[in-house]
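Next up: just one chain, as structure tokens, the form predicted alone.
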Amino acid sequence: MKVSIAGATSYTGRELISILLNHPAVKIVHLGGRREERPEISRIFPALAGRCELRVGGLRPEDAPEKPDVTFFALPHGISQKYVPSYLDAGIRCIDFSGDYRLKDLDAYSRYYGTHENPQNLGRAVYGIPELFRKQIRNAELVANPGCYPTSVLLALAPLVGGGHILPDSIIIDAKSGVSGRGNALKTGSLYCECNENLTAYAIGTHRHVPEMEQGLDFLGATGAKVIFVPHLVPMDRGMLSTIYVELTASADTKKLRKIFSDYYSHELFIRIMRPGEQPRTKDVMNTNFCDLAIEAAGNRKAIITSAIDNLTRGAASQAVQNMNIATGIDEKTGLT
């Protein structure tokens, strides 16, 4: 299967290249970017030297020397929508990492991202958390790869939401992410001297992943769900830990709650439920497609869920490959184990 990557010079583009180089059913035929000098990708990411020496070309379908079967878009919000339509028109399956095709509500998109230039394709986009929306992802022409925070949160809440076990307006999320979540664009807040030895909350009440989380909860049956979300930037390269506080509809002890999670994800390779007394750690999911989950009862009809993922892999690149595998009929764990 021939694959191209538009936005190959991003951190998630680098992760995606590394994964696809080890995918037995894939050949990377083109890397696209916005750099005029058209460098070899190994000049940008020296770790790829000797593994991938393709030059970074243009972003249009016709820039690829061979027509791809699938194109990944690791481009910023607002940029993907400028290129995705031409790929779809050319019959190329698209998997987009940006927020451009995640939200179905145009008003919500405009509040958090700006004007949408390609609303006509929103209906073709499938929201791509494989364990939750696998049926919809099969044969999808356009997959909206979820954000990293929503991935960690929705996988953590799905077992309780799906069974009607929580009050949908009681959800409080305290989440922490490594600095790579901000991308590799030059920003003052991402500089070493600003991030090192520092922990800070940001975008309280204004983070663009809030409507995505609430939409995902609605997809799972929690109509009208509202969340309080506080993200934090922590001084590490990668990794994400979300701690989620919920109110239950009925009393339940930890043993019962763990059984709900274990039953819900009993056939899922990439979801790991922690043993009693253990908690997810970002180190244990680093460079993997795993999401580690734990749940504990906390007093009268309260529960605390913890969720750990790697924001660059499960929160972006490896989840995108899992989506590609499902959409194209390949065993979904291919290239990810």
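Residues carry their position along the shown sequence, with the first being 1. The structure presented is a predicted model; accordingly, all values stated were derived computationally and were not measured.
Below: the form predicted together with another copy of the chain, not depicted.
Interface residue among V179, L248, A125, I260, judged by heavy atoms within 4.5 Å of another copy of the chain in the model of the complex: V179. None of G162, P235, G78, P119 but one reaches within 4.5 angstroms of another copy of the chain in the model of the complex through a heavy atom, and that residue is P235. Residue contact check for Q136: none of its heavy atoms lie within 4.5 Å of another copy of the chain in the model of the complex. Taking the partner from the other structure, another copy of the chain in the model of the complex has no heavy atom within 4.5 Å of any heavy atom of S110.
Remark: T243 counts among the residues lining another copy of the chain in the model of the complex, judged by a heavy atom distance of 4.5 Å or less. Mapping the unseen interface onto this chain, L199 counts among the residues with a heavy atom inside 4.5 Å of another copy of the chain in the model of the complex. Proximity to another copy of the chain in the model of the complex holds for all of N22, S42 and R51, with the criterion being a heavy atom within 4.5 Å. With another copy of the chain left out of view, the stretch that reaches within 4.5 Å of it through heavy atoms in the model of the complex is, among 96 to 104, 147 to 155, 78 to 86, 227 to 235, 227 to 235. Shown here without another copy of the chain, the chain has R272, R275, E278, Q279, P280, R281, T282, K283, D284, M286, N287 in 264 to 287 lying with a heavy atom within 4.5 Å of that partner in the model of the complex.
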